[in-house]
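One chain comes next, on its own, written as structure tokens: the form predicted on its own.
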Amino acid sequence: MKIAAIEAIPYSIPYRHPLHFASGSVHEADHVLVRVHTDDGVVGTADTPPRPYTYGETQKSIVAVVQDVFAPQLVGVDVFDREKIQAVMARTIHNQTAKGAVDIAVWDVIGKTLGQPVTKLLGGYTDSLRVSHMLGFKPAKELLALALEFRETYGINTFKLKTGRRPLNLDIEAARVLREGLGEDAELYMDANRGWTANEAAEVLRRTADLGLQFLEEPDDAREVLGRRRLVTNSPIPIAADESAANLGEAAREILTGGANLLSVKTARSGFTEAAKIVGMAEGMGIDVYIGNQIDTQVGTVASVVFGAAFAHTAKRAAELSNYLDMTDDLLAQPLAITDGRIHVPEGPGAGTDVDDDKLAHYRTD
């Protein structure tokens, strides 16, 4: 079965509330839907989120690289030749989320062709994941009210607090108010999106040491080499690499050189194939991982669920799977549901990424 065509369809869906964080903000999902068509008529689907402040990609650049570069090179390749597909895309540097979407769409085709859920083809460890919800920049009391609402409505008890603001007391106060309001049983961690220096991050860790935080993600720019490694060495909690570990090579570098001791895995930027390699590497080195969120739609989120539930190592921690709730609408044909703080893997062949064509027609912008 060979690839016959690859589509890249730009679309836009507004968010109910914008999400603000240290490296940028998101007001609407200006994403690209990628579809891989085979000569047997099977279609695989994936979503790709442009994040210019993280990966340098835009909606237009993703459409261009998929249609003008990847499609001509991949048409005629057997969909089961996954490593060949990876090698072809690797000839083009960067373009992480574009590559990830093509890979997920290929896996969707493979699952449908074999009549199997992709999560079982990847590993089939469990049928659901615990959910962590991401909290953006807001006053501390508003953040607590929002967290309590999500706990009451969806059963979520793990929260990621976006930090990296100045003065530092803004985020320190938010962390303290959340801990006091949610109680000791809630799991809390912070993500500074490179917003602080290493010294500022060390000060925040000192002043929040009594709050039982799980870890701190991307406290400073990883290019602050000596400061970052001093921070990792002295931190009482793990320091997670996210933006600084967007692919297998970067993840290996950050772990082996002391730039981090925890890894965020995002299928939006690594697809399933490279993400599986990152997880295997991390497990072999005794490094924990967690499933991160690229402010994903439901189409992107279901891919994270399918992948995260496939492996014991990714299923250990709560996964960031709920930010689609801030969108005014979505494309996924079978909407996701969060019950008792968990999302279940969709049943049926493929990756569960099929979309509602009427909605796609409404929101597409090409």
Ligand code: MUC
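Values in this document were obtained by computation on a predicted structure and should not be read as measured data. The first residue of the shown sequence is 1; numbering continues from there.
The discussion below concerns the form predicted in complex with this ligand, not included here.
Peer 1: Superimposing the C-alphas around the site, does this ligand, as posed in the predicted complex, end up open here or blocked, where blocked is 3 or more of its atoms within 2.4 Å of backbone or C-beta atoms?
Peer 2: The site is open here, because this ligand, transferred from its pose in the predicted complex, meets no backbone or C-beta atom within 2.4 Å.
Peer 1: Please pick, from 113, 293, 208, 261, the one residue with any non-hydrogen atom lying within 4.5 angstroms of this ligand in the predicted complex.
Peer 2: So the residue touching this ligand in the predicted complex, by this definition, is 293.
Peer 1: Among 177, 255, 134, 246, which has at least one heavy atom within 4.5 Å of this ligand in the predicted complex?
Peer 2: The residue in contact is 134.
Peer 1: Is residue 54 close to this ligand in the predicted complex, meaning a heavy atom pair under 4.5 Å apart or at it?
Peer 2: Yes - in the predicted complex, heavy atoms of residue 54 and this ligand come within 4.5 Å of each other.
Peer 1: Could you confirm whether residue 21 comes within 4.5 Å of this ligand in the predicted complex, counting heavy atoms only?
Peer 2: Residue-level check for residue 21: yes, a contact with this ligand.
Peer 1: Answer for residue 191 alone: is it within 4.5 Å of this ligand in the predicted complex, judged on heavy atom distances?
Peer 2: Flag for residue 191 set to yes.
Peer 1: Taking this ligand as it sits in the predicted complex, is residue 160 near enough to touch it, meaning that at least one heavy atom pair lies within 4.5 angstroms?
Peer 2: Although this ligand is absent here, residue 160 would touch it in the predicted complex, with heavy atoms inside 4.5 Å.
Peer 1: Would you point out which of 46-54, 329-337, 33-41, 66-74 contains residues with a non-hydrogen atom within 4.5 Å of this ligand in the predicted complex?
Peer 2: Correct option: 46-54.
Peer 1: Within 4.5 Å of this ligand in the predicted complex, counting any non-hydrogen atom, which residues from 255-269 show up?
Peer 2: Stretch hits: a single one, 266.
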